[in-house]
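Consider the single chain below, provided in structure tokens and representing the form predicted alone.
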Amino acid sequence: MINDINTVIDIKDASIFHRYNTILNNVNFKIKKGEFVYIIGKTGSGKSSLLKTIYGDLILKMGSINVVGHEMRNIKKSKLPFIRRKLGIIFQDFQLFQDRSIAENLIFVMKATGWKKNIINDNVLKLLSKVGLEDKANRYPHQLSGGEQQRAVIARALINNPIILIADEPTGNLDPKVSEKIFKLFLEINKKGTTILMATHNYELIKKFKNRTLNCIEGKVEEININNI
């Protein structure tokens, strides 16, 4: 268990693996409730592998990662769904069902996580309204721009009112203007109390919207002043 109730992620002496190779060693940091934290680093530096280990997609073999009160080392697969209900995970490549409308994409997740039928439809519209897509509920992913699809993914990640949003390069495939709008949306969500952990290589925007920054470099994770890069 995490001793400090304000700490939502606590990593101690963790080693992060990519396949059979150690990509990060001796990782130590904490994230408190309500923080907005960037993870930066070159391609292949371990950003995505670190995030995947935090939410249980990669196995933690050495050290400790405690996420919202759950120890991730050698965690049983049966426990992962309970932890992930407290997390919202946002992928760069959207991972939306192409044969379903945006509303149907959200409804699928709601049903899968136990929402009652009589409240699903109203809450779908509320979620889409949060990300400015209330008028696009019946559109299919291919009918939306890249920025709109990412907003839909963010709405999907907010379904279960997560404690933490984990975003892996959420603006990687978007143009600069759209990327800035997505960053601002994350800032709005964070202001309402949701902790955000974002891997990104968009240095221009993280210098504009300054927050705590962790750098994956030479097999280590170091906290840095973003003005120094």
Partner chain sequence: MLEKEKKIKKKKLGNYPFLSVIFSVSLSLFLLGIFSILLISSFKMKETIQKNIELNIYLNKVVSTNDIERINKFILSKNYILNKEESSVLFISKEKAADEYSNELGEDFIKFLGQNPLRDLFILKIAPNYFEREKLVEIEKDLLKINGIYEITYPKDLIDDINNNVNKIGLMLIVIFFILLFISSILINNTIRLALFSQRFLIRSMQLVGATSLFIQKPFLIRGIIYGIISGTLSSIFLFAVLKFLNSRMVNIMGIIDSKSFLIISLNMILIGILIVSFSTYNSVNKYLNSTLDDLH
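Residue numbers count along the first chain shown, from 1. In this text the structure is predicted, and so the values were computed from the model without any measurement.
Omitted from view is the form predicted together with the partner chain, to which the following refers.
- Contact check for residue 109: a non-hydrogen atom falls within 4.5 Å of the partner chain in the predicted bound form.
- The partner chain in the predicted bound form comes within 4.5 Å of no heavy atom belonging to residue 135.
- Of the heavy atoms in residue 148, none are within 4.5 Å of the partner chain in the predicted bound form.
- Although the partner is absent here, residue 99 sits close enough that one of its heavy atoms falls within 4.5 Å of the partner chain in the predicted bound form.
- Three-residue candidate spot 85, 91 and 160; every residue lies within 4.5 angstroms of the partner chain in the predicted bound form by at least one non-hydrogen atom.
- Applying a 4.5 Å heavy atom cutoff to the partner chain in the predicted bound form picks out no residue from 164-197.
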